[in-house]
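Presented as structure tokens, the chain that follows is alone, the form predicted on its own.
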């Protein structure tokens, strides 16, 4: 069976998990504590980051965007899009979340509230959280605008744009950081994502001692 080295609350790993499930690829999850810098894992990916996917032919594929491109080339169900304009837009939005959202939200809110505790770096920094929440408002307004003006984030198809956005939002939502009353269109869009079978396993992940809001698993909020 294929393997996916991952961290449960890594947005990039969640992106890949959802994409694999959408393509009905069977795989086994292996949690990799990347801060331990294990030699055997570094032999798989010298960068020392997850996700790393190893298929049944023992092909090692490192990085979310690379795994997504491999899926697009090898599976019948294209999650990048069927038309060139959709493919360009879905890649653009995916990269928005892989880079901009990651730098401005994952490296602030997610790091401070989740990762810091895992690696023993102390309590969250209120000033960093304040910056992250200000950034989050801008991102949510943009997602709300896209959701209001398009069927799906990249256009009229469900694509990797929706998956990458939902993978990131699911973590922020677990932390109770989103006031959904301010983003009604994004809320409707996210409810549709949560109802997909590929997303159910994501919503089952839990952090010991840190429970999500009661509505977190509720498909209707």
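Please read all numbers here as calculations on a predicted model, not as lab measurements. Residue numbers count along the first chain shown, from 1.
Just so it is clear, the following notes concern the form predicted in complex with another copy of the chain, a form of the same protein that is not shown.
In the model of the complex, another copy of the chain sits within 4.5 Å of a heavy atom belonging to residue 88. Among residues of the shown chain, residue 92 is one whose heavy atoms approach another copy of the chain to within 4.5 Å in the model of the complex. By the criterion of a heavy atom within 4.5 Å, residue 74 is counted among the residues contacting another copy of the chain in the model of the complex. Contact check for residue 47: a heavy atom falls within 4.5 Å of another copy of the chain in the model of the complex. Here the marked residues 62, 84 and 99 all reach another copy of the chain in the model of the complex, each with a heavy atom within 4.5 angstroms. Residue-level contacts in the model of the complex: of 33, 66, 29, 191, one residue has a heavy atom within 4.5 Å of another copy of the chain, and it is 66. The stretch from 53-61, 157-165, 192-200, 176-184 that comes within 4.5 Å of another copy of the chain in the model of the complex, counting heavy atoms only, is 53-61.
Looking at 128-155, the one residue that comes within 4.5 Å of another copy of the chain in the model of the complex, counting any heavy atom, is 142.
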